[in-house]
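Take a look at this single chain in structure tokens; it is the form predicted alone.
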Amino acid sequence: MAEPKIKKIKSTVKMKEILADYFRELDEASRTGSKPIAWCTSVGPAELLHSLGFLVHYPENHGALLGATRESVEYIPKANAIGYSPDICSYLTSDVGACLAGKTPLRAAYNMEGVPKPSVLVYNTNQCRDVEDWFQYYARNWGVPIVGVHTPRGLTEVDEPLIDNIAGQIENLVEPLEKIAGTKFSAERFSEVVGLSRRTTDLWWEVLSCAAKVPSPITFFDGTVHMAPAVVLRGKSVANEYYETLLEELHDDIEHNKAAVEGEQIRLYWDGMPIWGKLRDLAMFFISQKTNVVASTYCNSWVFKAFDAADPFRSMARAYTELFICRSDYYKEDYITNLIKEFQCDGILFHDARTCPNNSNNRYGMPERMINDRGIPAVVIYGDLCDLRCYSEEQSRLSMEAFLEQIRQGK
């Protein structure tokens, strides 16, 4: 039997070029001090930082790179040795451990001296408390100023008093950030950047929506790669130019019926974090099963439809508070059900990531409710975003094979 092949996306070449440019600019600024650098959580106030002239580095992106290159297992114990629990975010422990070791995959990938040195650390706790603790490590050890936004969790509704609060917190960042950047805040520039991010959001959602076609020209595993510009370059026109190129290719694939999974028979929804060190292996497994994971919670995390250039502070507050991860299970179950219908999915695969409880939505009975109350087949696999010691390939494969057979029989 021939080994399954992953469909090539030609636009990947362009994406690699713009990411290399992004990292080269960060590296030069880090070495020369030519521009201020802000570290920012992945769904933090990046638009405000760009408007003030900061270059922005995302440590979660670095954590994902450590996971994808399978270097995390080497570095996590170093963070554990200085008191960071093996049960907390493995992005955090991978990144801190790599810092302690003086190592980074950015050297091999982009010939960088190391991770770019920050002028300021900026977080938003909309994802979890770990991001604040993570940045506090560098604030303490490097003497770097730290500022942040504190967002509540478990929200069914996002009301106006809450938006007032979050918008006020973001506005309060302006004065300290002006001092660090050495520039004055420009409302016009801020509005422009928010407008660019809204365009990124619209284009990225259009990319993801291509997977609603049957057969789909793209997979969840492709999405975890091609979301990079939406993560690290939103607020920049280059991200929008890239997604316009990618969309042209995907629309052509749809027109010519080019499937990401040849002979696609089953369509799944993935809830939870990627298993970064196993993306290719999992992609190959599903191709061999004629199954396409066509939609996910994770890739949608960079769709911010609330962005509005005419009301930048409040729209940013709403966009970064309406996140799936901030919401209650009532909201989440409706959200997933609607996407399953839109993308014509046959079932849900929940990934229980050991060190990421905030992105593991199976722990409070959701899979059982989706099965019993909504009639949607579901399975849980156990692993982690970075720590591959938490992942059993054999156990996961057996669970997934049994689940896919159940779906086939149901059809």
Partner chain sequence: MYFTGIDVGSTFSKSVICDEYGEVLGRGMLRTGADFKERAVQVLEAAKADANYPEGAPIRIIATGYGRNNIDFADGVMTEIACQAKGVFHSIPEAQTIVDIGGQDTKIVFVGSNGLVERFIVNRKCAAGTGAFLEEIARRLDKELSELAQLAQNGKGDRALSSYCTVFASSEVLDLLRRGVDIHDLARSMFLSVVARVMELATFGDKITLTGGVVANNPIVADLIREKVKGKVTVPDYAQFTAALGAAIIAKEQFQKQAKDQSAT
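Residue numbers count along the first chain shown, from 1. In this text, all values refer to a predicted model and were calculated from it rather than measured experimentally.
Beyond what is shown, the protein has a form predicted together with the partner chain; the following relates to that form.
Q: How about E401: is it within 4.5 Å of the partner chain in the predicted bound form, going by heavy atoms?
A: Yes, contact at 4.5 Å.
Q: Would I9 sit within 4.5 Å of the partner chain in the predicted bound form, counting heavy atoms only?
A: No, I9 sits far enough from the partner chain in the predicted bound form that none of its heavy atoms falls within 4.5 Å.
Q: Taking any heavy atom pair closer than or equal to 4.5 Å as contact, tell me whether R389 reaches the partner chain in the predicted bound form.
A: Result yes; R389 sits at the interface with the partner chain in the predicted bound form.
Q: Could you confirm whether Y58 comes within 4.5 Å of the partner chain in the predicted bound form, counting heavy atoms only?
A: Residue-level check for Y58: no, no contact with the partner chain.
Q: Which of these residues, M366, A29, A68, V379, gets a heavy atom within 4.5 Å of the partner chain in the predicted bound form?
A: Spelling it out, the residue with a heavy atom inside the cut-off is V379.
Q: Of 50-58, 34-42, 343-351, 368-376, which is the one stretch near the partner chain in the predicted bound form, taking non-hydrogen atoms within 4.5 angstroms as near?
A: Looking at the other structure, the answer is 368-376.
Q: E178, R189 and E192: each with a heavy atom within 4.5 Å of the partner chain in the predicted bound form?
A: Per the other structure, none of E178, R189 and E192 touch the partner chain.
Q: Between 394-411 and the partner chain in the predicted bound form, list the residues on our side with a heavy atom within 4.5 Å.
A: E394, Q395, R397, L398, S399, E401, A402, F403, E405, Q406, Q409, in sequence order.
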